[in-house]
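Below you will find one chain, with nothing else, as structure tokens; this is the form predicted alone, and questions on how it binds or moves follow later.
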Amino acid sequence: MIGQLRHILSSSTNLHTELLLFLGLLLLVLLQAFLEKSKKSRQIILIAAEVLVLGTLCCTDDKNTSVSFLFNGLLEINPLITLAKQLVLVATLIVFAHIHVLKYDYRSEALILIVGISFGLCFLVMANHILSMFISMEMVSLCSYVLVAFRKKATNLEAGIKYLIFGATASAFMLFGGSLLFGMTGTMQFNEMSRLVEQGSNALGLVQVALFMTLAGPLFKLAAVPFHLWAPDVYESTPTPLISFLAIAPKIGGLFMIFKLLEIVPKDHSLLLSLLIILSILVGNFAALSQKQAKRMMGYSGIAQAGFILIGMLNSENVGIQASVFYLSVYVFTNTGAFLLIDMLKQLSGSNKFKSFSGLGQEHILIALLGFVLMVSLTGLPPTGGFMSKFLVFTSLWEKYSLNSSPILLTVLLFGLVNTAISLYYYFKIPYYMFVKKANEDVHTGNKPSVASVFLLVFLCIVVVALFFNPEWVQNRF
């Protein structure tokens, strides 16, 4: 008993980030309960949330260089997981800054839900057990469903119900697959499963079916095919700062779960992963081509980006994992920047439709140039971090192909390169309408974005370009 208590206390000392977020959540709830329901009170809670996330980010320990397991193997910590937590906190901080600089007046509950999702994601990336994965993923999911339906408009409620139905289905698949893996191995810990699967007498096909079912939850978070159907409607109807957060933060948790689950079955997953990658890129890219509304286009392109992120997983060596994590790191800054840009353009034009952006580049040259940089990065062209991230995932794939000359790997490589070129068409719609199309006289009647919002956009663009010249800023952290 005393030994167990010592183990719990010892494990708890490694959870600085989560303890700070938990205490901060309590403080925010108390502030929300006791302050008057006024705009000033909501601003105080927003500033408190920003200080909380910034303080937690500064206190997140990245000096731990070893791998260790907490709470009898329920959780795992290592430098890569620490980086994942930092990415979650950075995404949260940018979204709070987005809300702040564009002067949104959201109810305090929405801000608390965002911190709650970050709290759940910090546990999700550490999960080393089916139950810890399920509980932390459900915490993230439940907060996300509420956040989507937060405005109580018909479109939000419809998107929230769709999100809930697909999420519940993915969770059911994940839990059933996890129970099958438990039945085959007799353990729920991922690191133990990877050892026992090889020693057991279970048919490989059955193990892979169980693995694919368990992957349903993480693939849903990543918005990858076939668990992507919620994305376009949720992206279109959810307020822009909130969807900016939901478009990237859950992807971090999903990708790190996929790392761990793929290690359970130490066989070649090239065929399964390649199909997921090709279908995600195909569906996302070709559906995005025909969109006339920027947020819906970002929804479909997010499905395609999930496919590109997964390319690194085809190479199970460190180089592949590092490439996917670098891709995700750049995507945090680029994607949040793109949503901030779309929100600023909506302020100017009053709409998210591409047509309404016509001529804005001639009136607001700095915003247009910054938008051009972000679209170049999303496409994957130099000199931006987007180019470096695609270069790294394709290089890791080429290294894998050089070793085994698998035709499916070559197919994914060529398919990815062709689709990178195709994505030019829809990402460059925004610069095209801003710079080339002439404005209608009666459309640009909105307010000018604040100076602070322009500074935030400049900062995000500087980071995106800096990661092209200094990718080791991320790579040296794990």
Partner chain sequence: MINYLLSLLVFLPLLGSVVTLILPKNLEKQSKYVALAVSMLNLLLCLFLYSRFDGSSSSFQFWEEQPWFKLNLGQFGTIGVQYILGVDGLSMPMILLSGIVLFAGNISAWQIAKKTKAFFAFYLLLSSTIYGCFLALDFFLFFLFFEFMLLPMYFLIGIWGGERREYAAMKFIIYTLVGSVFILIVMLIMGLSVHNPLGENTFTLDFRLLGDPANIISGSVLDAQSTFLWFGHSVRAILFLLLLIGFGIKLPTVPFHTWLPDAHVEAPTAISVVLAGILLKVGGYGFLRIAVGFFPEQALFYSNWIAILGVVSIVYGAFNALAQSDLKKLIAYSSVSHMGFVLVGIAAFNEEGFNGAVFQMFSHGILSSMLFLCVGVIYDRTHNRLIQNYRGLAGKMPWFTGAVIIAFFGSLGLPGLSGFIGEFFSLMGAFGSEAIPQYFAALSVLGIVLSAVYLLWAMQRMFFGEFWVNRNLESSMSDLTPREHFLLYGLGILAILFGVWPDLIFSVSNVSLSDFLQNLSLK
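This one's a predicted model, so the numbers in the text were calculated from it and none came from an experiment. Positions refer to the first chain, counted from 1.
There is also a form predicted together with the partner chain; it is not shown, and the following applies to it.
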Looking at 273 to 281, 391 to 399, 139 to 147, 335 to 343, which one sits within 4.5 Å of the partner chain in the model of the complex if you count heavy atoms only?
391 to 399
Picking from Pro79, Pro226, Pro382, Gly73, the single residue whose non-hydrogen atoms come within 4.5 angstroms of the partner chain in the model of the complex is Pro382
Though the partner chain is not shown, can you say which of Leu26, Cys58, Val451, Val418 has a heavy atom within 4.5 Å of it in the model of the complex?
Val418
Taking any heavy atom pair closer than or equal to 4.5 Å as contact, tell me whether Glu317 reaches the partner chain in the model of the complex.
yes
Is there any non-hydrogen atom of Leu30 lying within 4.5 Å of the partner chain in the model of the complex?
no
Partner proximity in the model of the complex: Leu424 to the partner chain, non-hydrogen atom cutoff 4.5 Å
yes
is_contact(Phe69, the partner chain) in the model of the complex, heavy atom dist at most 4.5 Å
no
Which residues within 460 to 477 place at least one heavy atom within 4.5 Å of the partner chain in the model of the complex?
Phe468, Phe469, Pro471, Glu472, Gln475
